[in-house]
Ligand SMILES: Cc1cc2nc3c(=O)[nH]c(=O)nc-3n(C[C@H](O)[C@H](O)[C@H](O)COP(=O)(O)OP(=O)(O)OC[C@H]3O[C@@H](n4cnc5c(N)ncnc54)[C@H](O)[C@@H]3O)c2cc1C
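The chain that follows stands alone, in the form predicted on its own, written as structure tokens.
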């Protein structure tokens, strides 16, 4: 799959990669790899888990479906099968990704967690150090050496667990939504869902459908839109309107239609932000909630909307309005974050939050052969757009190097002797 020079030194494996190293085998990493394959560029994919798309396979709940129609979510070079529904479910999407990897011959180096990636100024190469994540008493290390590095670890690499007073003293189960699978085991239990984004809404709905008693913490404002308007995807409608109308006007139209279909959400304790849903997404990356039934449960009282948390007690939670709720379990639907700052030693392309400093569509490329895939806050469509641009840029660089007829040995080749 790739050209390389390999040597073992003092128990550490050193690998020269004749092409880019792609960190992450989720949808973004797979998309970049497929596009590189089509361009005839050799590459290596390193992945800390033992499978592709580990977030989807191991850290998502059973009822999850794509929030947008499938035509907006397929990866480059391969549409979803025609027989797939408009909104593919979790298992269907995983099958699609597995078929995608097989079609393009993508075979990641699994169970390798990147500890650090640093550009070697002297030799003009990236040094990517990994450690084996296999359960073993022997620490296995690998150093990949390459001229180009693609960061594709995603926006949701790590779950965010907020510090809330008294949470450590709570006697019931506390899990992050990444570890939630189904509401089946919560039958009859009082569950506090902390967070009101798409995950918080869907988990609350799932709990209610399994006869649990969910209370959902709504601390900040959020836009709730119907998933479909007059039988057409709300997202699809918005994209169509934006071809003809300014963004602010599309926002106004969406909010009017949402009010007609869903009613005044503020009556149920859900305040809308001052910025419109599309403006908020563009400026702050905050995604509107696409309702698939939770709002009806809120109206009926099957899902209780509660204020922010003041502190937890052993078997209850005290809210900022003074109300005290007896609860059995807590699900933290408190979001995810990038893990890039923990391993990438670079501060020009990526900021301290682990996202590119330049906003979409300009955050995919840095200096010295560094690229970012899937950090657009625009889902799978954004990841696909990144993959196409990155692969084309790498192909151009690759072809330029092949066309060079200089007899002088490149600096990075002269440094090979110092790498081992």
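Numbering follows the first chain given and starts at 1. What you are looking at is a predicted structure, and each value in this text was computed from that prediction instead of being measured.
Absent from the display: the form predicted in complex with the ligand. The rest refers to it.
For the chain seen here without its partner, which of 390 to 398, 363 to 371, 349 to 357, 45 to 53 has a heavy atom within 4.5 Å of the ligand in the predicted complex? The contacting stretch is 45 to 53.
Using the partner position in the predicted complex, report whether residue 385 sits within 4.5 Å of the ligand, counting heavy atoms only. No.
Would residue 37 count as a contact of the ligand in the predicted complex, using a 4.5 angstroms cut-off between non-hydrogen atoms? Looking in the predicted complex, residue contacts with the ligand do not include residue 37, since no heavy atom lies within 4.5 Å.
Any non-hydrogen atom of residue 112 within 4.5 angstroms of the ligand in the predicted complex: Because a heavy atom of residue 112 falls inside 4.5 Å of the ligand in the predicted complex, the answer is yes.
Any chance residue 17 has a heavy atom within 4.5 Å of the ligand in the predicted complex? Residue 17: no contact with the ligand in the predicted complex.
Every residue of 183, 204 and 325 near the ligand in the predicted complex, heavy atom within 4.5 Å: Zero of three within 4.5 Å in the predicted complex.
Considering non-hydrogen atoms and a 4.5 Å limit, which listed residue (100, 343, 80, 268) is close to the ligand in the predicted complex? By the 4.5 Å heavy-atom cutoff, the listed residue in contact is 343.
In sequence order, which positions of 65 to 83 have a non-hydrogen atom within 4.5 Å of the ligand in the predicted complex? Counting only heavy atoms within 4.5 Å of the ligand in the predicted complex, the contacting residues of 65 to 83 are 66, 67, 68, 73.
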